[in-house]
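There is one chain below, alone, in structure tokens, taken in the form predicted on its own.
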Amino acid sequence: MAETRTTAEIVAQCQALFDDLEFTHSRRWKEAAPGRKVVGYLPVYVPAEIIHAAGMLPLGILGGGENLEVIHGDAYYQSYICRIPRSTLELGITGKFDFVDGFLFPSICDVIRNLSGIWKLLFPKVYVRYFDVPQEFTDDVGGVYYEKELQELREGLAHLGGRPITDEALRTSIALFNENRKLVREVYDLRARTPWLTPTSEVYLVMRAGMVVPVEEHSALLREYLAAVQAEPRPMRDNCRVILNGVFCEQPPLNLVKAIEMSGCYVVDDDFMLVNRWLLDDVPTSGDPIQALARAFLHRSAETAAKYQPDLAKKGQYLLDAVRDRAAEGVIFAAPSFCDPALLERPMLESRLEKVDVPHIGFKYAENSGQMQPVREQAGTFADSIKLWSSP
């Protein structure tokens, strides 16, 4: 019988994975059997089911974090862009990705698109693909286009792996990722109901672990975490309930999340790690798996600044829905400096919130931001104002 671990032990394992810029766990997975391959991908979304069905490990790349000194990466990018491409290049140039066989660069923004071109120049022997997504959401236009994109990816990964990716393998992988998404939703739902049991600084680390371990292992970790936190009582505090928005790509320092929590806020929803809850519910495991993945993206995927919204009247509705569904009392907009998608969307979202009297504040960060006292003070003042002036 497996030994039951405490929440602290589970979180410590996730912290170790988070801190490891050598990606030791992923390297060991590859070395454990001959012929294994690893395919890295940047946020926000790629169909990891296809990578998994190819027998490969999907490896989420979210920059270098706060402990990486960027030297080489600065030589390839101007100073007035976000930090994640520079730190990702730093990891690549310094050999941290020397075990990775392929890279997918999803359609997030111009910077990530251009990073895919730089990667091809610097690492010509590595499989590199810029992964585009539709901006038209009908089945006979955007759906046809996206199915072709998925099929091209399927063929490219099959060539990389030296064997075809069967429909049956795809269905099996879809089922495994459906289970993982279900468990992710359970963690988020539990946090919304009882945020004192599941601090966001913990939840974030547990979700980040899913970027570097196989999906089966991450699902087991999520089950273990859910059981542990519900078995260990923690005190409930008089914190206000907030939603964090704008952190979908370059991730903030962990200390920034802790600073917001220490200021008197319970984060009851966020767009951290949007990659592992991009699809909102189960993808069908019957029929054509490529078509099922395409239609899930078209009709049941998350709204975010990095995804085109053709109906401006619906812009920001997802945030209002989250405020209602999570019983949030306010919204904190946090976005990386120079993040065009998040910062251009913010005024539109603020306008929607103001029309229904939802309090909000905003600030910017970088993944290596060091001084957290101003963030803590700003978030603390925001929490106090909600408690003092909001209607009972």
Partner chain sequence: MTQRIDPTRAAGVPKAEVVKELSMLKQKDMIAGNYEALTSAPQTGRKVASTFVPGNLNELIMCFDLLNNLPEINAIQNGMRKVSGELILEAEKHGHSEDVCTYVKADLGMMAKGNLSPNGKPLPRPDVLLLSYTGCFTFMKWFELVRDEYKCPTVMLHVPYQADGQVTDNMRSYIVKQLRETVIPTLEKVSGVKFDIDRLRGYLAESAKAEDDFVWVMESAKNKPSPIDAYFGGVYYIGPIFTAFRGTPDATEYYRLLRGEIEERIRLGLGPITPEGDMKEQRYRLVVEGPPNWTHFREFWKMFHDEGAVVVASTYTKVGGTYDLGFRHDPRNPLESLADYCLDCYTNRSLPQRVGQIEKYMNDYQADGLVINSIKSCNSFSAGQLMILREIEKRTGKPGAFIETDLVDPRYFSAANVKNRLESYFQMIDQKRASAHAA
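Residue numbers count along the first chain shown, from 1. The shown structure was predicted, so the numbers you read here are calculated from the model rather than taken from an experiment.
Keep in mind the form predicted in complex with its partner chain is missing from the figure; the text below concerns it.
Enquirer: Among 94-102, 213-221, 73-81, 196-204, which stretch has residues whose heavy atoms lie within 4.5 Å of its partner chain in the predicted bound form?
Expert: Partner-contacting stretch among the options: 73-81.
Enquirer: Could you tell me which one of Q291, S301, T285, N114 places a heavy atom within 4.5 Å of its partner chain in the predicted bound form?
Expert: That would be N114.
Enquirer: May I ask you to choose, among L121, L280, M236, A231, the residue with a heavy atom within 4.5 Å of its partner chain in the predicted bound form?
Expert: Of L121, L280, M236, A231, the residue with a heavy atom within 4.5 Å of its partner chain in the predicted bound form is L121.
Enquirer: For Q309, is any heavy atom within 4.5 Å of its partner chain in the predicted bound form, or not?
Expert: Yes, contact at 4.5 Å.
Enquirer: Indicate whether Y188 is a 4.5 Å heavy atom neighbour of its partner chain in the predicted bound form.
Expert: No, Y188 sits far enough from its partner chain in the predicted bound form that none of its heavy atoms falls within 4.5 Å.
Enquirer: Given that the partner is absent here, does P341 sit within 4.5 Å of its partner chain in the predicted bound form, heavy atoms only?
Expert: Output for P341 is yes: heavy atoms within 4.5 Å of its partner chain.
Enquirer: With heavy atoms only and a cut-off of 4.5 Å, decide whether K364 touches its partner chain in the predicted bound form.
Expert: Flag for K364 set to yes.
Enquirer: Which residues within 349-363 place at least one heavy atom within 4.5 Å of its partner chain in the predicted bound form?
Expert: Result: S351, R352.
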